[in-house]
Ligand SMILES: NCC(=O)COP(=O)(O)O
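Okay, so here's just one chain, in structure tokens, the form predicted alone.
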Amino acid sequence: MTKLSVNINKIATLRNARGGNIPNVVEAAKKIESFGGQGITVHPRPDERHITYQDVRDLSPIVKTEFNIEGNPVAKFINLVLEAKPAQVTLVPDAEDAITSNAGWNTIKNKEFLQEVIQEFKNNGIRTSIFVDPDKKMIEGAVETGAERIELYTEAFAVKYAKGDKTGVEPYKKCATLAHQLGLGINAGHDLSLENINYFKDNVPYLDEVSIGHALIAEALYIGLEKTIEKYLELLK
């Protein structure tokens, strides 16, 4: 079964809109795990506009499933990850002012930088994943960095699928097959939803984990968090 990691950034966004601590991200993480979620993902950004660095510190001791921290490996982020020691760190090349992640790494151009960062995390027992576009050259480059997994950036698939074009899954299928052959684990995320997750999972082989936040939290507004997680788990079987 492909594991479901729930990104709780949007819960923090809602909290930050009013200040205070409602909704509480720690309690939300506990509820998500109790509802069957198999991981908690956070993506702290330098301006802390949703998940804060303190949130990461608060979550670290209470997450009982897999804790995944995403972000651009600037010095402040690296230090936070080394302090929190999550099960997995996902490296994302997002600019400080990016609304959301919008591109994968050029693993060839950034090879030496990524090698250095990844080795530091591996020395501390943290599994590393690199956010990449569905491009075979970038997959091959990811192997050279020493990463243990890739996370396929799935926006292009989701956009085509919403228009009724199911051919958008083909590059992901080919890249997942190549990644598996090269010994990489395969994660995926960005714009995956209840509408498209089953098709993606059924057509992309060797899928270890999906990270879903925006769509899942939005869907939960209509049918509830527990029911939404149950639906995702059923579709991912």
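One-based numbering along the sequence shown. Note that this is a predicted model, so its numbers are computed, not measured.
Omitted from view is the form predicted in complex with the ligand, to which the following refers.
**Q** Quick check on this chain: which one of 33, 208, 170, 191 has a heavy atom within 4.5 Å of the ligand in the predicted bound form?
**A** Filtering the options by heavy-atom distance leaves 191.
**Q** Okay, which stretch from 25-33, 196-204, 183-191, 56-64 lines the ligand in the predicted bound form, with non-hydrogen atoms inside 4.5 Å?
**A** Correct option: 183-191.
**Q** So, in the predicted bound form, is residue 7 in contact with the ligand at a 4.5 angstroms heavy atom limit?
**A** Taking the distances in the predicted bound form, the answer for residue 7 is yes, it comes within 4.5 Å of the ligand.
**Q** At 4.5 Å, heavy atom to heavy atom, what parts of 54-71 sit next to the ligand in the predicted bound form? List them in sequence order, or say none.
**A** Read in sequence order, the lone residue that approaches the ligand (within 4.5 Å, in the predicted bound form) is 70.
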